[in-house]
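This document starts with one chain, in the form predicted on its own, laid out as structure tokens.
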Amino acid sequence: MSKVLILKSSILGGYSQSAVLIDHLASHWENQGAAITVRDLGGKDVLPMVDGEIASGLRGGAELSARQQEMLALSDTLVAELKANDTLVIAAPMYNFTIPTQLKNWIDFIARVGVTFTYTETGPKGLVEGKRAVLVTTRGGAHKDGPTDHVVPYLKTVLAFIGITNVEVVYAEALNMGPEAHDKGMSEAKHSIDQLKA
């Protein structure tokens, strides 16, 4: 049975288009027998922003404050959750040309030297290998393969940095460019999701 970790990151609640697509994907894959875990980074599972104290604590050490210990334990939980699943699905709506802060918080908690990546004589090496990732990205405009798309290239870079290079992308574009464009963008994205195997 495939084990799938889904990260939602929209802050729009019931108005979220990425959540609609993620729920469609989850239902589709559950029907294929996948075990789904959902972490709603923009809702009930919001993570703290990493500040200097937390960043220092994530490096470990013997004299951590109570807050640092708590945040290190949270990071350990997130990393273990990532490593326990075969596939990572990331809902990545475009906010002001980049990813939501809520998703960046998750990245800051799981990107840890010696844990999810390391440095070697030939450069960085990811330690989260043998995984697959699916990016589901929604945008109000049309940005795919253009200079204004800082979402997909960034996430592919981050994922490759921690060892995940098998990445598929589902685009839902032009969602704010009129009803016809919205319906077309969502329909095409759902069709792309329906072609994905769990």
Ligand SMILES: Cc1cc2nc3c(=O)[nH]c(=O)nc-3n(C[C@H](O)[C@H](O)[C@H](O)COP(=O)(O)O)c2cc1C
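Start at 1 and count along the sequence shown; that's the residue number. This one's a predicted model, so the numbers in the text were calculated from it and none came from an experiment.
As for the form predicted in complex with the named molecule, it is not shown, yet the points below apply to it.
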TODO: Quick one: find which of 48-56, 162-170, 31-39, 137-145 has residues within 4.5 Å of the named molecule in the predicted complex by heavy atom distance.
DONE: 137-145
Task: the named molecule contact at residue 96 in the predicted complex, heavy atom, 4.5 Å - done: yes
Open item on the list: So in the predicted complex, is the named molecule close enough to residue 187 to count as touching (4.5 Å, heavy atoms)?
Closed with: no
TODO: Would you check, heavy atoms only and a 4.5 Å threshold, whether residue 25 touches the named molecule in the predicted complex?
DONE: no
Task: Residues of stretch 153-188 in contact with the named molecule in the predicted complex (4.5 Å, non-hydrogen atom) - done: 175, 176
